[in-house]
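Take a look at this one chain, the form predicted on its own, written out in C-alpha cells.
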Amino acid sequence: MLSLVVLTAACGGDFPQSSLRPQSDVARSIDDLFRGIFWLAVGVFVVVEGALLVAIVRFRERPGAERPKPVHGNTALEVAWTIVPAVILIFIGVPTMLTLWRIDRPPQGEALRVEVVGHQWWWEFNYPDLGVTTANELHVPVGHTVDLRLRSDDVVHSFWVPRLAGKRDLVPGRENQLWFTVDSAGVYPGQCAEFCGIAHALMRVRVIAEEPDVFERWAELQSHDAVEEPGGEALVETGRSIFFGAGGCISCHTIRGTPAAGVLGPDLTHVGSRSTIGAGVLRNTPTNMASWVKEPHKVKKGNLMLDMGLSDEQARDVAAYLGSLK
C-alpha cells in the first residue's frame, strides 16, 4: 500500500525541471530519442520476460516425468541471440548518433549570442551584440535561436535547464557551446549539474523566454546605465552612500554609470529589475535583499560575498538603493 501511495505521488504535481516536458527544438529532439528507445526497451522486456514465463510453465518439473536429456548447443538459437541484439543496438545507436550530431553542430542561420560564465556560485550572462551584462536570469526571445558560449571562471560547472536542452559542462580554460530555440514564453528553471563546492545545490538559473518585442524592450533597458526608480529617496540616498563608501561594495560589483567597476561579483546595474537574488535563492524583495546584504553566509552558506558588518538599518538602506536600480 505504501509503495502504491509513493508511486501515485510521483505521477502528479508540477515539475518545472522535468525534461519530459520539452519546450525547445533541442529538448524535443532529446525527448523523441528517449521515447523511441523507451518503447523499444519495453518491447524487449515483454519478449524476454514472456519467453521466460513460457519456459518456466512449459518446462517445469512434473512428478514422474523423465529427466531431460542434455544437449550440446543449438546453432540456430545461438545465431539468433547474436543477430537480434546487434539489430537492436543498431536501432538504438543510429538515432542516438544522428541526434547527437544535430544538437552538437553549430546553429544554422542567425542566432543571438550569449556568453555564459560560471562562477562559484552564480551565473554571468553577457550579450556582446547588445552591450548587456546580467546575472542568474537569462532572457531570450521566443522563436529565435540562442547560441550560448560557455566557460568557467574557477572550477567545472554544468549548465542545465531540463526543459530546454541537455547538460553542458563549463570547463576552465575551454569554451563549450549550447544552442536552442524556445517554443513559447515562460520561465524555465535550471541549475548547475556538476558538483562545484559547498553552495553547488544553490547555484540556480532562470531562463526567461519572452516574445521578441518584449525581449527587445528588456535589452534596450538593460543596455543603459543604471537609473534609480523614484520612491523612498531618503533611504535610497543613505543606501547609496553606504554602497559607495563604508560598505566597500564597489570593490566587487559594477553599476554602470557610477564609480562602481568591480568584476568579482555580479553586475548590479539593473539588479532591482531581477526577480531573484543570490542565484535564485530568494525572491527579490526589500526584506530579502536586506537579509542578503547583511548576512549573506546565513542565506547561502559558503558564498564568496563578504560580510561587511552592516547594521539592520544600514542593510535596509542598501537594499532600498539596490532595489531602486531598475
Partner chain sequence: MAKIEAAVPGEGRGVSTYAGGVWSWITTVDHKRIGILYFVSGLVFFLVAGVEAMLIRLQLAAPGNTLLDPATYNQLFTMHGLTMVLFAVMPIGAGFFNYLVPLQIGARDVAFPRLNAFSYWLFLFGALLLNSSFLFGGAPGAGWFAYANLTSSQYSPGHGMDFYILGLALAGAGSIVAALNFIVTILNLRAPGLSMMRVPLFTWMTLVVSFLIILAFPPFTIGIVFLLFDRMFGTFFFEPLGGGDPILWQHLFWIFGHPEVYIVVLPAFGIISEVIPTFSRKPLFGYPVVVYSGVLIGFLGFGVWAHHMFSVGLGPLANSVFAGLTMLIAIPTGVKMFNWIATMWGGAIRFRTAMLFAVGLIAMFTIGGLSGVMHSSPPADLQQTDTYFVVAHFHYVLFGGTMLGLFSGMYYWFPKVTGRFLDERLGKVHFWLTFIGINLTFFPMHFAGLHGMPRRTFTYPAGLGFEGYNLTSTVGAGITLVAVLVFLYNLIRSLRSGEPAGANPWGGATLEWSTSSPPPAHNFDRTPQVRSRDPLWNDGVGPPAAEEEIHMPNPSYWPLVVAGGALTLAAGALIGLPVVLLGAAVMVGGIYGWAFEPIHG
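Numbering follows the first chain given and starts at 1. By rigid core we mean the largest C-alpha set that fits within 1.5 Å across both forms. Values in this document were obtained by computation on a predicted structure and should not be read as measured data.
Form predicted together with the partner chain: not shown, discussed below.
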P70 within 4.5 Å of the partner chain in the predicted complex, heavy atoms: yes
Non-hydrogen atom contact Q222 with the partner chain in the predicted complex at 4.5 angstroms: no
Close approach of E233 to the partner chain in the predicted complex, 4.5 Å, heavy atom: no
The partner chain contact at E78 in the predicted complex, heavy atom, 4.5 Å: yes
Partner-contacting position among A111, L202, L130, I250 - heavy atom within 4.5 Å of the partner chain in the predicted complex: L202
Among the candidates W179, F125, W160, F243, the residue which, in the predicted complex, approaches the partner chain to within 4.5 Å (heavy atoms): W160
Options 212-220, 235-243, 166-174, 250-258; stretch whose heavy atom lies within 4.5 Å of the partner chain in the predicted complex: 166-174
Heavy atom contacts to the partner chain in the predicted complex at 4.5 Å, residues of 192-227 in sequence order: C192, A193, E194, F195, C196, G197, I198, H200, A201, L202, R204
Large Cα move at E49 between this form and the one not shown, threshold 2 Å, rigid core: yes
Rigid core fit then D104 CA moved by 2 Å or more between this form and the one not shown: no
